[in-house]
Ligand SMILES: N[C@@H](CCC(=O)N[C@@H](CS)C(=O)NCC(=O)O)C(=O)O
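Single chain ahead, by itself, as structure tokens, in the form predicted on its own.
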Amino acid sequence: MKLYYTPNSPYARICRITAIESGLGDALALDWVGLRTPDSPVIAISPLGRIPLLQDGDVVLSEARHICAYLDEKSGKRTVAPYGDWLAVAAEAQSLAFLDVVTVWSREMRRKESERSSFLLDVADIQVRRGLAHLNATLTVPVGAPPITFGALCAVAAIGMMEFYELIPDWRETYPALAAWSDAYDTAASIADSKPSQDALRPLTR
């Protein structure tokens, strides 16, 4: 199996953590590719060129949730909420939506200041704070090793992006229950070692 990714992609981070925690880390080859470049090797496999992208023989998957579900099938473990358990699916969807909003905000902040949309930034600020309040009220610090689920990893990846881009500097003081939850997940090596970094940051061209 091969995962096309960029290190600072929160969606790729989720897939990488899932593979490691499911015991598939050594079976997953990683190929760091550029974003939105016409010579991306991903385009020959998937015409939209989106990442993360998992290729395993004829199977090509380009959505993080689908990739993690595929890894679940390979490992025999369960990280993605099964359809039918609708409360779990709904909670997972909330975390994924939170990650999507943080990603929009962080992407906008990577643009030149003169090119940023004040409307998008204002909306993202409001939505992210709502998401933080929701997670702060609903997540509890795990006892023992934190459960590795797709929904939890969406929140982990969103918080990682939020901290890396300093979107809400005082979030820990404002949402202490969520901060404690996040700290518990940071004890996992796969999570601590995959945080966004300046070394992996590349300019957003378009």
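For every residue, the number given is its place in the sequence shown, counted from 1. Predicted model only: the values in this text are computed from it and were never measured.
One more form of this protein exists, namely the form predicted together with the ligand; it is left out here, but the text below deals with it.
- Contact annotation for the candidate site: K2, A19 and D31 all lie away from the ligand in the predicted complex (no heavy atom within 4.5 Å).
- Here the chain stands alone, but in the predicted complex its contact with the ligand, taken as any heavy atom within 4.5 Å, falls in 61-69 among 164-172, 61-69, 141-149, 23-31.
- Under a 4.5 angstroms non-hydrogen atom cutoff, the ligand in the predicted complex has S9 among its neighbouring residues.
- Using a 4.5 angstroms threshold between heavy atoms, A179 stays clear of the ligand in the predicted complex.
- Interface membership of I159, defined by any non-hydrogen atom within 4.5 Å of the ligand in the predicted complex, is ruled out.
- A residue is said to contact a partner when one of its heavy atoms sits within 4.5 Å of a partner heavy atom; R116 fails this definition for the ligand in the predicted complex, lying far away.
- For the partner-free chain shown, L35, R36 of 17-38 come within 4.5 angstroms of the ligand in the predicted complex, judged by any non-hydrogen atom.
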